[in-house]
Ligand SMILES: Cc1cc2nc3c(=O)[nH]c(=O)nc-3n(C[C@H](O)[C@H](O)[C@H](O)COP(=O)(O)O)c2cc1C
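Just one chain follows, in the form predicted on its own, and it is written as structure tokens.
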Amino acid sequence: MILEDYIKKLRKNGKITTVSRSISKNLEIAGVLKTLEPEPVLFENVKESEFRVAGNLFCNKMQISDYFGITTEQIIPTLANAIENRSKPEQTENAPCQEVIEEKVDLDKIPILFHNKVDGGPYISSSVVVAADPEYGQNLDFHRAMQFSKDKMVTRIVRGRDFHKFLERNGEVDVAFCIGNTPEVLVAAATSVETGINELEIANALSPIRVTKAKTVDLMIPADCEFVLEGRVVLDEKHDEGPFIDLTETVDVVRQEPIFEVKKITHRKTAIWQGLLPGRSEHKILMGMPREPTVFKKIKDRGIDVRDVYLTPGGASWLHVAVKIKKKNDDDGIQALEAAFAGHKSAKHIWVFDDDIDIYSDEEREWAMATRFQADVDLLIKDPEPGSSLDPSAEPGTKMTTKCGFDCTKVLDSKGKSFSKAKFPEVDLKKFLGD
């Protein structure tokens, strides 16, 4: 689906706030998005650009499940099925993202948002980056990019990821930064799969998409995105990148990162720029949610009846994981913890709960830990190992951290007080309070 069509659907259903008054891409749009979060917002009159801006579109699981027409409980099996049963997208030469081909590259004409006073410059934070390697083929990922001239940006490349591997192998890599995507592409780009798997095929399995050949680089890109910035990234050409707000809502350090030289800009005629607040709920859900099927599968592979997995917002949707299981054996809780850590190596703290606990409720998770957890038998402490570079408390440089898991499941053979909550009667209030 074209993002603008989805926004029109939101407007028809009264699920988006429209800002018609003049507003600046510098701090003001970010301020409104933060204030109205998680309400989707469309900005129709951006001072510095002819293009509109939209944000807060996919801030939680409910918004994403509504897009796909499924329940939140169906997200994990739906994504897991798409990863396992990938399919090739339809190819088109009549791509909406190439309706307009700008003759001259001028990034100042695009409403690249300046999000925070501490930022090093205007940042693209919602781009799905398409890159390729002669051996492994195409890869999709998210990479932030900071503008510092009319045709150059500096992009943060995390060491160890596929794109960094491509850069090290080849010295330079042709890229397409695709902005203005719907959840098929966004979620697929955030999945953690083996190098060599084309995430556009995962996107197509989620919901049919189209692809097209980029204009100046040998890449297949999402045909229905709003903007495409084509160019190349060179490993040895560096520039200061940052400061910037990362996933944990803390200020990331300034690094020397590779330069992205923009050689061509294409877009839809009525293109809408997709804004994404760094460190806030939309950033978190798109980063963390696609990791949940991986954790789910690792636990299931151990023969444990796993019901749900949730990377919690309080843990930046990255460092904390809540797992729900149907316990059948005394050690299922500890086994689930071990499997979950294997499924998401950036996780720092993981909790396992029984299937009567709503893992989306902070109160219920805390209640289960208070009533079902004993630290001397239910606490798993792992030896220090590499964790997440996003954790400011991890050892600088090495990412070494101490991880622990909490088995908050009740014992199978209770010899004392019950572990279950008492249930109150359910009544039809209309019988007593209404006509």
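When you see a residue number, it is the position in the sequence shown, counting from 1. Predicted model, so just to flag it, every value in this text is computed and none were measured.
Unshown form predicted together with the ligand; subsequent notes refer to it.
Heavy atom contact within 4.5 Å of the ligand in the predicted bound form, the stretch among 216-224, 95-103, 189-197, 324-332: In short, 189-197.
Proximity of residue 119 to the ligand in the predicted bound form, heavy atoms at 4.5 Å: Residue-level check for residue 119: no, no contact with the ligand.
Residue contact check: residue 272 to the ligand in the predicted bound form, 4.5 Å heavy atom: Judged by the heavy-atom cut-off of 4.5 Å, residue 272 is well away from the ligand in the predicted bound form.
Heavy atom of residue 174 within 4.5 Å of the ligand in the predicted bound form: Although the ligand is absent here, residue 174 would stay clear of it in the predicted bound form, with no heavy atoms inside 4.5 Å.
The ligand contact in the predicted bound form: residue 142, any heavy atom under 4.5 Å: Flag for residue 142 set to yes.
The ligand: the contacting residue among 158, 342, 254, 234 in the predicted bound form [heavy atom, 4.5 Å]: It is 158 that has a heavy atom within 4.5 Å of the partner.
Contact residue in the predicted bound form, from 283, 115, 348, 267 (heavy atom within 4.5 Å of the ligand): By the 4.5 Å criterion, the partner-contacting residue is 283.
Residues in 258-277 with any heavy atom within 4.5 Å of the ligand in the predicted bound form: The one in contact is 276.
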